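Below sits a lone chain in structure tokens, taken as the form predicted alone.
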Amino acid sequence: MKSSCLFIPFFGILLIIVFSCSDQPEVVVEEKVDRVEAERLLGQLLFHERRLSKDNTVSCAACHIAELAFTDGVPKSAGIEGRTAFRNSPTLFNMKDQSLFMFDGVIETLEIQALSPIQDHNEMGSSIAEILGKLKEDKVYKKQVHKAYGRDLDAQAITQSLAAFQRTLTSTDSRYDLYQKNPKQYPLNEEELAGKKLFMETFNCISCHAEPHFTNGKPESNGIQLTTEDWGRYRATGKAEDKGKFKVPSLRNIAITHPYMHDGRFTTLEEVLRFYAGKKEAHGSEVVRGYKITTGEQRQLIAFLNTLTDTSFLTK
């Protein structure tokens, strides 16, 4: 079986995790680590563990690929037994600073959020009980969970460590971040600066995609045409005012997180900008209204959005 090794140095200690081509961890060789780091490493192992799914084919990492800013590049992810996820896979960076999760924005902790894809019929189709049956006596997990929590693997250890790992995924080192810290040393060019003005002032994109994470983290309606199967947050709350509302996504790394929207209906940023320039459905927020944009302005706006790509985050 073909394998690949991930070498992670930290505090003078070398951790070697060997993953097989099936994404399942085979060997963990480690020395002394503290509890916080041990918890994160347990979460990292579980994040890549295909045995979290009912048929052992889908891991969290299958739908959240690091090189794609923890998205997967398709409109809706592939789940177990040839099924398709209900919505597009959202990014996972800077989760530690968020208080609402999933496109519905009804889950309030990362620990609870971890259960959603695990139990979803179309995604992993499993349960904590099934997972514990597969992993509780696994020597790798038995050793790691004792390092992290001093006990055997249980439901809390699974959800808590997955949440801990996700909280370490931070993206704050884009060209725009460097420009903000030192504009003379890391200047933006004229086109990018013009795009920044369009974003911040002319089109007021910043009202929903607020700095520093380029999202306000709230459920909002952008007036997109809904399908009969997905009415947004309304699907979870049953409240009429929630029709068409989805949690505002971060625009960080937006150049590589296509396709866009909750259902991945738009392939390019040009398509997204044409949508925002056009007519909206009645459920759209008052702050989202059509506008006129020239080809040159569209190019400038996209140039600015490209400065939000954090290449160091993608290769850590």
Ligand code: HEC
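Basically, rigid core = biggest C-alpha set you can superpose within 1.5 Å across the two forms. Predicted, not measured: the structure shown is a model, and the values here were computed from it. Numbers follow the displayed sequence, beginning with 1.
Unshown form predicted together with the ligand; subsequent notes refer to it.
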query	finding
Option from 102 to 110, 172 to 180, 134 to 142, 148 to 156 whose residues, in the predicted bound form, bring a heavy atom within 4.5 Å of the ligand	102 to 110
The unique member of Ala69, Leu45, Val58, Ala38 whose heavy atoms fall within 4.5 Å of the ligand in the predicted bound form	Val58
Contact label in the predicted bound form: Ser207 to the ligand, heavy atom within 4.5 Å	yes
Ala85 within 4.5 Å of the ligand in the predicted bound form, heavy atoms	yes
The ligand contact in the predicted bound form: Ile65, any heavy atom under 4.5 Å	no
Exercise: Thr237 in contact with the ligand in the predicted bound form, heavy atom 4.5 Å	no
The ligand in the predicted bound form - contacting residues of 198 to 233, heavy atom within 4.5 Å	Phe199, Phe203, Asn204, Cys205, Ser207, Cys208, His209, Glu220, Ser221, Asn222, Ile224
C-alpha of Ile293 off by 2 Å or more between this form and the one not shown on rigid core	yes
